[in-house]
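Before any questions on binding or motion, here is one chain by itself as structure tokens, the form predicted on its own.
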Amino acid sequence: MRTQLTPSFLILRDQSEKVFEYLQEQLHSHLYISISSQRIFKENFLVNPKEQSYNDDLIRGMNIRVFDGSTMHEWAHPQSDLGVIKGELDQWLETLKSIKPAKPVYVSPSWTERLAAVSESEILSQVSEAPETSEWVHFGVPQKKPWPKSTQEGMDWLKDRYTDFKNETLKLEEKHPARVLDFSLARLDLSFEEHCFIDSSVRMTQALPRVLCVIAAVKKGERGYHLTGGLGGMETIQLTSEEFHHIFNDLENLVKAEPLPPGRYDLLMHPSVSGVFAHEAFGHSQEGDTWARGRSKAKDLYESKESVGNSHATILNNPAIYKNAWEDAMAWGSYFFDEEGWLASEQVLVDQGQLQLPMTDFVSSYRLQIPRTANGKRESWSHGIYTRQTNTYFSEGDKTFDQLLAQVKNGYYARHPYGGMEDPKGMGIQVGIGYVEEIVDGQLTGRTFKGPNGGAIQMTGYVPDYLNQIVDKSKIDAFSQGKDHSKYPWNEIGGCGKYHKESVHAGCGGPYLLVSNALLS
């Protein structure tokens, strides 16, 4: 079954429509008007040896935007009932009534025009052939296993998973007394996001159920963990004894990890690390508002047609990953349309070392006079819209994991990303790595390393240098000898900040990636 809108969101949708009709009556017909409304209900369950806790939160609000051809005017409010907000809204509208353009400042594309640019069957299957402008179109996410029906059911589910984990702990501690933990926890986050968008051509809603589960263990300040979930039902969670064993093995290795001598090494990246690399390399610098503000060197490099990488350097951004590799889930950074009502689709940011046009939101697309993409995102209704990434990743290659490993004589295997940063103007990059294992003569030795002064290891340098140092890439299914069956690489749960704030959901993944001469410290 697919997710449907809740009765409370249907009320919000109808209230938003009444506000939109009122705006059309009050403002000049040549202005472009849109409304985005949201209702997000969050639940957080936590179990550890000391406590069991539950928290919930309801976020709802409305954003009204009016474009006059040069300026995007915006008004936001936590309420959407016209009778409640009319007084405040009228005061704002008075500042806009004097704006009377001679012709339409922007013509909103019809459903036919919007759908012509979409190829994903998950979107096309949920839209009738030719929706009327007044018709509401709803997009829902498939859910194979239902969420907990109550707070108690959710807590019981998490306690059972934590008990499974603790039982595995006891088995391992009997065999390896050194593995006795200092602390452990299990966490389950459920977030049901409902978005609605209206303009003169379309009316659409989407329901995005997000599931995140973490099992973590701590010893001597080091942490082992397993992160799982996605967009969908409880089928998105993968917790088995194998995952529990990985937590312990990682933790044991991190506790006895040696300081890494700073230097340049061959580096084989796990998909979650290669995803952060892609996100920081030409993700932020390929955001249209960064281009428009003159804050990105990528614009100059694109216009000069200067190569920024070798033939392996293809980076994509895609909010339309509705099957995350082999998993029964949508990728974490996916949706059906962005905050500005633009339908999701795949975009190439770098094609075999050649920069392509950037991601855009409405304003950056208009100002740069380049195609619009579905990357207008905001942290919540109370924050502004920026051009933001969704799922950003390198395209897949044709090698297995073992074939990549065999190419490394002396180097390291990197797992567990630990944040990252990019300087879009100077093209500098930093990627944090939480787990690094030695490779000698194509074999993992089991020796684990940490930063020279403890903590995460940092990969730093100049982005084009790194994109020219990509040696090879894996298939999507890197542990199979056959052809890939998945359409898109796997993307892990992640997030993205902009301007040291403005946090949004983002996927982080791709293929395994082998890079030479990586500067690690």
Partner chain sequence: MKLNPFEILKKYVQSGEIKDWRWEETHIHRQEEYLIGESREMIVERSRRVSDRQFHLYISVPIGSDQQGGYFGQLNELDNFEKELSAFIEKAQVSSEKLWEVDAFVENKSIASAKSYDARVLKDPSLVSRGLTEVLAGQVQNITQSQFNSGEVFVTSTEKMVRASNGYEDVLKQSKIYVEVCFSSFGTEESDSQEYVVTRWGVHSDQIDIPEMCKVSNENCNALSRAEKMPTGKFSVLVDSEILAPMFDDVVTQLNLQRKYLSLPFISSGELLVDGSHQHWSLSLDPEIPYGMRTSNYNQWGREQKKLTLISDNRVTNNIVDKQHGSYLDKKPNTSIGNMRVTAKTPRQVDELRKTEGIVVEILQLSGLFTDVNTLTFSSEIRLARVIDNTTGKSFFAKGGNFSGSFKDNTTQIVFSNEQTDQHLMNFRIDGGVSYFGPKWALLNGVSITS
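Residue numbers count along the first chain shown, from 1. Here the structure is a predicted model, which is why all the values come from computation and not from measurement.
Omitted from view is the form predicted together with its partner chain, to which the following refers.
V255 falls outside the set of residues with a heavy atom inside 4.5 Å of its partner chain in the predicted bound form. Interface residue remark: L519 is counted as part of the site for its partner chain in the predicted bound form, having a heavy atom within 4.5 Å. Although the partner is absent here, A292 lies within 4.5 Å of its partner chain in the predicted bound form, judged by heavy atoms. Using a 4.5 angstroms threshold between heavy atoms, D402 stays clear of its partner chain in the predicted bound form. With the partner removed from view, the residue among R447, R367, H138, R187 that has a non-hydrogen atom within 4.5 Å of its partner chain in the predicted bound form turns out to be R367. In summary, among the residues L115, A325, M234, V218, the only one with a non-hydrogen atom within 4.5 Å of its partner chain in the predicted bound form is V218.
Here the marked residues K145, V180 and Y413 all miss its partner chain in the predicted bound form; none has a heavy atom within 4.5 angstroms. Contact with its partner chain in the predicted bound form, judged as any non-hydrogen atom within 4.5 angstroms, is confined among 352 to 360, 207 to 215, 437 to 445, 422 to 430 to 422 to 430. Contacts between 42 to 79 and its partner chain, taken as any heavy atom within 4.5 Å in the predicted bound form, involve N48, K50, E51, Q52, S53, Y54, N55, D56, D57, L58, N63, R65, S70, T71, M72, H73, E74, W75, A76, H77, P78.
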